[in-house]
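Have a look below at one chain only, the form predicted alone, in structure tokens format.
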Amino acid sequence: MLVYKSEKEIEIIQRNNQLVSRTLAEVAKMIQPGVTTLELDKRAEEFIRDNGAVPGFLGYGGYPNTLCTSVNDQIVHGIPSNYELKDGDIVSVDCGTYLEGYYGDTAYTFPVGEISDEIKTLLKVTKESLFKGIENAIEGKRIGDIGYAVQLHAEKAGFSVVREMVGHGLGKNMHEAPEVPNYGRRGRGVTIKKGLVLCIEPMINMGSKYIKQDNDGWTIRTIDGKPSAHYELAVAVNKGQAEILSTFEYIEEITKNKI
């Protein structure tokens, strides 16, 4: 069932997503070779709690940490560990908050040190595909229009789109209807209306679209070991133009928008 939000509810969800965005900027300050993903996780939890919220992912479905930190061929749900980031790595950081009865959820893929031109292109195209999807998150469009826009942009650049992992609605629950695939056909799927809050989150692979899960029961990675990028923003469907509730601005003030 689709849950449409009032303006007041959207304001609360936006507060959550602004906090998530600021948390990711705190993480951005730390990302460099030699830092462990567990150190990033500890800082994120501290920052979220210092700002009066609780980590949205911690304990969610049994998940053990505040962040998902997915390195290189890990697509999503990578568990923070003592792994030390290395020059040339990429790390996708997904973060959630819970505040005032609602959730926030946003993700960003960070380069570590100097990365190859090919990987820079993967990150650039993935982020662009996210905004292509957001352009279609307007009243009267269908879910398939969002996925089609993401898929077209990614595949035109020679990359592949993960099928099994999708975006979602957001509100009092972290994952609400509808699912928002990053592929699809125009004019297909649920018609979206003002008040629907969506997380649009392309997961784009350099190689094969196929995935596998690690024995930890969480980490999803590419089947061929090639890199994957992941960007996510929360948006409220509106007439004419979606209202973007989270932002990459805080992050890119820190990173100087390297990609």
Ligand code: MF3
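All residue numbers are counted from 1 along the displayed sequence. Bear in mind that the values here come from a model prediction, so they are computed numbers and not experimental data.
The same protein has a further form, the form predicted together with the named molecule, not shown here; the description that follows concerns it.
This chain is displayed without the named molecule, yet in the predicted bound form the stretch 173-181 from 153-161, 138-146, 173-181, 109-117 comes within 4.5 Å of it by heavy atoms. The contact residue chosen from Glu45, Glu39, Glu26, Glu232 relative to the named molecule in the predicted bound form is Glu232, the criterion being a non-hydrogen atom within 4.5 angstroms.
Although the partner is absent here, Lys127 lies well away from the named molecule in the predicted bound form, with no heavy atom inside 4.5 Å. The named molecule is not shown here, and in the predicted bound form it never comes within 4.5 Å of any heavy atom of Lys132. Proximity of Tyr210 to the named molecule in the predicted bound form falls outside the 4.5 Å heavy atom cutoff.
For Ile192, no non-hydrogen atom is located within 4.5 Å of the named molecule in the predicted bound form, even though that partner is not displayed.
Of all the residues from 60-98, those having a non-hydrogen atom no more than 4.5 Å from the named molecule in the predicted bound form are Tyr60, Tyr63, Cys68, His77, Asp94.
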